[in-house]
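Heads up, what comes next is one protein chain in two forms, each shown on its own as C-alpha cells, labelled structure 1 and structure 2.
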Structure 1
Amino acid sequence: MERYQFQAESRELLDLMVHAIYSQKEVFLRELISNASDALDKLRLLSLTNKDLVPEGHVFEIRLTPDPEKRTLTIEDTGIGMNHDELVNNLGTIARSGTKEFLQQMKEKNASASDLIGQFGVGFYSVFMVADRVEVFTKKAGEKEAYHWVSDGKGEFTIEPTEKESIGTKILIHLKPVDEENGIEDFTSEHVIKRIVKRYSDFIAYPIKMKVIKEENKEKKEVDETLNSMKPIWTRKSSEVTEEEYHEFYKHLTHDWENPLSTITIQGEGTVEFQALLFIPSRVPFDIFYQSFEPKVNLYVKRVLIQENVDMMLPRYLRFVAGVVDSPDLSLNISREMLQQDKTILQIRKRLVKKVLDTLSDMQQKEREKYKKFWQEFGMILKEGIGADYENKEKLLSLLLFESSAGSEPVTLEEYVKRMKEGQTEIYYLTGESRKTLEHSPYLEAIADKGYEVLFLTQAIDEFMMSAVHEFQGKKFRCLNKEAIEEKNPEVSEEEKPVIEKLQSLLSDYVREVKLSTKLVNSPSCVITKAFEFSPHVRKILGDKYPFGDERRTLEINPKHTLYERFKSIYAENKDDERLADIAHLLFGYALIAEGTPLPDPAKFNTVLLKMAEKV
C-alpha cells in the first residue's frame, strides 16, 4: 500500500470542506454525478475513434446505491476511469487553477467558507462535507489494473491495487451521522436522493439509476429506476425550463461557480436545422488570453456529443461564450479539420453570432447596468472583433462603450453622434494611458472653445482597433493626438525656416520633425504621432517584440507662446547661444509630460528647469 500527502492547496480546501458550516451540503452529489458524466463523455468520445476501448454490450450509466444500515452511499459510473498516476494527480492535487484562485480570494476577502462554497463548484473534495471516509475503486478503459484509493480527507490518502470487473469509477462514501441542522440529511434515503438528483442533475445525458422497491400485485419487488429525465435541456421548450435548471446546466458544462450573466436559446429552422443553448458568463475566465484557451462549446449530433471545446462555432472575439450546439444535419464522424470548411457549421455559426450580438445589443439598450458589468469583463475581448469581423463591424461598433469628456457615464457611439454639437462633423477621440492625463491634455485645446465631446481611449487594444475604424454612421473619426492624414502643414515664412531647423537639430535625437501648430492655445508644445504609428504607451505594452523602426515623433510648437518667441529672439542675436538648447529641451519635456510619457533624459530636463528657476 502506498501513502501520499495531499498537495498543500488541496489540504486547505479539504480542511475547509471537513469543517464547512454550510447548509447546502447536498451539492456534493451534484459534483460527483457531474464528474461521472464527464468520465462517460470522455469514454464515449474516445470510443468514436477507438472501438476496442469499450467492451461488447457496455452500458453507459451512473448508478447510486444507498445502504441505510451501513450508512454508505455508492456512486458508480462506467466511464473512462483513472489509472494509478491519474488517481494520484486528479484526486491528490488541485489541477484547476480556478480552485487556487478561489482559495486566494477567500484569504484576501477573509471570507468564511459558507459564504463562498455556495458560489463555487468545489468538485470532488466537497464529498468531505458529508463523509468521514471515502473509498474510490477505479479501472481505466484499455488497461488491466484497477486501484483502490482511500482517504479521510485529513491530509493523507492511500492507494493499492485492487480487483475490479468493469471499467469506470466507483466512489464509496462513508457518511457522517445525520445532522439535519448542519445540512447533513439522510443521504441514504430514497426520497432525499431523488430530490437532489431531480434538482441538480436532471439533464445529465446518461441514466442515473437506483434500485427501488416497487409494489406490484401486492408483491414487493426490487427494480431499477432511472432518476433523471435525461432530456437534454436544449431540446426542451425554453418556456418550460426554469432559470435555475439553465443555471445548473451551465455550471455542469463550464465548472463555473457563478450563475451566467445571460442565457441564450436558439432554434434554427429552414436551411439548417439546429438547436443551441449559449451562455454569457458573469466573469471573464482567468485564462482567456492564453494561446491554449479553448471555448466551452460542445457539439452534438442528434443528442450525441461528438466534440468538446469546439472553437469553430463562434469567432475568436466571442470565445467567452459557452454552450452546446446540436444539429441533425452534421455528420457523426466529422473531424476537427473538417469542421473548418463544413458549410452547415458555417451557416450555424452565422446565426449564433447574430443572436449573440443581438442579445448584447438588447442588453445595452434595456439593461444598461447589466451591460456595463458585461463590458467591464468582456469589452476588451469584444474589441478584437472590430478589425476581424468585417460583416458585423457596424454592429460591433454600436456595442462599444467609451469613457468621455462629457461625464463619468460611459457612452455608445450612437449616443455620441446624437448629441454632437451643431457644426461638428467628426467624432473626436484621444488615446493615452489614463483618463486623468487625457483630461488635461494639450490636444484638447484645439477644440476646447467649441465644447465638443471627446472620447477617451485608454486600453492598449484601442489603438489597434481604431486603425480598422474610419467612420460610424457616416461620421469620420478624428484622433486628436495623431496627425491627420490629409492635414497640411501651416505656411512657414522664409525667415522662420532656419529657426525651426535649429530647433529640430537641437532635438534630432528625439524628434523627427518640428512644426508650427495651428491648434495649441495655452500650451507651448505637444508631440504627435503619425497617423499609422503607435503611440508610446502602446509601444511600451508591446515591448521589444515589435519592430518599431524610427521611434521619433513630431513636435508641434505653439508659435504664439512666449517660450517660442524667446527662442526666436535669442536665435536672431546669436545662433549658437547655449540657452537655445535649454529652451528646446524645455519645449520637448513639456510636451512629453503633458502626454504622460516618461522623459528619455529626465536628468537633463531637471538641470534645465533648475537653471531657469534660479532666474525667477
Structure 2
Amino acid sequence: MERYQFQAESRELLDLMVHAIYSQKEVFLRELISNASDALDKLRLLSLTNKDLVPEGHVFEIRLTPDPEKRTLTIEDTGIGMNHDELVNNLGTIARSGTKEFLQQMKEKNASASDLIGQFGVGFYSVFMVADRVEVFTKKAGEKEAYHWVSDGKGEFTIEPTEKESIGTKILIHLKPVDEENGIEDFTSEHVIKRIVKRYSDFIAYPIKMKVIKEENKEKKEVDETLNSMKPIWTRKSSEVTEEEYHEFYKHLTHDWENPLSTITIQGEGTVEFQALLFIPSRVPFDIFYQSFEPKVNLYVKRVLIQENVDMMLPRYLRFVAGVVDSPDLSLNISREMLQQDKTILQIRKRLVKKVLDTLSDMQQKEREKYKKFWQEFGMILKEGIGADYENKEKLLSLLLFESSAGSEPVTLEEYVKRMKEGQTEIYYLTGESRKTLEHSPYLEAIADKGYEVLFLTQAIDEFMMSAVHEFQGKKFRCLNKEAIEEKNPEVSEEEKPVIEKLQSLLSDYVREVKLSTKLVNSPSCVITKAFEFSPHVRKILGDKYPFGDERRTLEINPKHTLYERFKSIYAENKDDERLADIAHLLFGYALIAEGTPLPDPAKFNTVLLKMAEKV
C-alpha cells in the first residue's frame, strides 16, 4: 500500500469545502455523475479508432447503488477508468492549474463552496461534504491492473492494487449521518436520489440506472430503472426546455459555477443540417489568455461525440463561447485534419459566428446593462477579431464599447457618429494608460474649443486593433497623440529655426525632432508618436522581447507659451547659457508627465524643477 499526502493547497481547499457553510450539498452527486459521463465520452471517442479498448458486449452506463443499512452510496461507470499515475494526478492534486485562483475567489467573494465546485477540476472533492470516507476502485481500458484509492479527506490518501474485472470506475461513499439542518439529506433514499438526478443530470447521454422495488401482480420485484431521459438537450425544442435545464447542462459541460450570461440555440437547415447549443459565460475563464486554453465546444455526429474542445468551430476571438454542435452531415470517424478542410465545418462555422454576433448585437441594443457586463469580461477578447476577421469587421466594430469624453457611460461608434458636431469629419480618439490621465491630456486642447467628443482607449490591444481600422460609416479615425499620415510641419521663420535647432540638440538623446505645435493652447509642450509606431504604453507592456529601433519621438512646442518665450529670449542673449538646457528638460519632462509616461531621468528633472522654483 502506498500512502500519499495531499498538497498544501489541496488540503486547504478540502478544509474549506468540508467546513464552510454550504447551501446545496446535493450537488456532489451532480459532479460525480458528470465525471462518470466524461469518462464514458472519452472511452467512446477513443474506441472509434481503437475498437480493442471496448470488450465485446460492453454497455455504456452509470449505475447508482444505495445501501441504507451500511449508509453507503456507490456510483459506478463503465468508462475509460484510471491507471496508477492518473489516480495520483487526478485525485491527489486538486486543480493543478488553478487552485490558487480558486482559493482566492472563495476568500474574496466569501462564496459558498458548493456554488464554486467544478470550476478548477475540484468536482470530485465535493463528495467530502457528505462523506466520512471515500473509496475508488478503477481499471483503465486497455490495461490489466486495477487500483484501490482511499481517503477520508483529511490530508492523505492511499493507493494499492486490487482486483476488478470490468473497466471503469466505482466510487464507494461512506456517508455522514443524516443532518437535514446542515443540508445532509438521506442520500440512500430512492426518492432523494431520483430528485437529484432529474434536477441536474436528466440530459446525460448515458443511462443512469438504479435497482428499485416495484410491485407486479401483487409481487414485489427488484428491477433496473433508468432515472434520466437521456435525450440530448440540444435536440429538444427550446420551448420544451426550462432555463434551469439549460443552465445545468452548461455547468455540466464547462464545470463553471455560475449560470451563463446568454443561451443560444441554432437549428441549421438547407444545404447543411446541424443543431447547436451555445452559451456565453458570465465571467471570463481564468486561463483564457493562456496559449493552452481550449474552447469548450464539443462536436457530435448523430448524437455521438467525435471530438471535444474543438477550436475550428469558432474563431479565436470567440473562444469564450461554450456549447455543442451536432451534425448528421459529418463522418463519425472524421479526423482533426479532415475537420480543418471540411466544407461542411466551414459552413457551420460561418452560421455559428453570425448567430453569436447577432446575439451580442441584440443584447447591446435591447439589454444594455447586460451587454456592459459582457463587455467588461470579454471586450478585450472580442477586439482580437477586428484585424483577424475581415468578413465580420463592420459587425465587430459596431459591437465595440468605448469610454468617452462625453460622459461616464460607454458609447458605441454608431452613437458617436450620430452626435458628431456639424463640420466634424473624423472620429477622434486618444490612447493611454488610464482615463484619468487622458482626460487632462494636452492633446485635447486642439479640439476643446470645438466641443468634439473624444474616445479614450486604455488597453494595450487598442493600438493593435486601431492599426487595422481606418474608418467607420465613412468617418476616418484620428488619433490625437499620433501624427496624422498627411500632417505637414508648420512653417518656421528663419529667425526661429536656430532656436528650434538648439532645443533639438539639447534633447537629441530623447527626441527625434522638435517642432512648433498648431494644437496646443495652454500646455507648453507634448510628445507625439509617429503614425505607424507603438506608444510607450504598448512598448512597456511588450517589454524587451520586441526590438523597436529608434524609440525617440517628436516634441511639439507651444510657440505662445511663456516657457518657450523665455527660452527664446535667453537664447537671443547667450546661445550657450546653461539655463537653456534646464528649460529644454523642463519642456520635455512636462510633456512626458502630461501623457503619463515615466521620465527617463527623474532626478535630473527634479533638480531642474527645484532650480527654477528657487528663482520664482
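Quick note, the numbers are simply positions in structure 1, starting from 1. Quick caveat, the model's predicted, so the values are computed rather than measured. What we label the rigid core is the largest C-alpha set whose atoms superpose within 1.5 Å from one form to the other.
Colleague: Specify the structure that is the form predicted in complex with adenosine-5'-diphosphate (ADP); exactly one of the two qualifies.
Modeller: It is the first structure (the form predicted in complex with adenosine-5'-diphosphate (ADP)) rather than the second.
Colleague: Of the two rigid parts between the two structures, do residue 159 and residue 270 both belong to the same one?
Modeller: Residue 159, residue 270: different rigid bodies.
Colleague: Once the larger rigid part is superposed on C-alpha atoms, how many degrees is the smaller one rotated between the two structures?
Modeller: When the larger parts are aligned, the smaller part is off by a rotation of 7 degrees.
Colleague: Please report, in Å, how much the Cα atom of residue 219 moves between the two structures when the rigid core is superposed.
Modeller: So the C-alpha of this residue moves 4.1 Å.
Colleague: Core superposed, what is the CA shift for residue 176 between the two structures, in angstrom?
Modeller: C-alpha displacement of residue 176 between the two structures: 3.3 Å.
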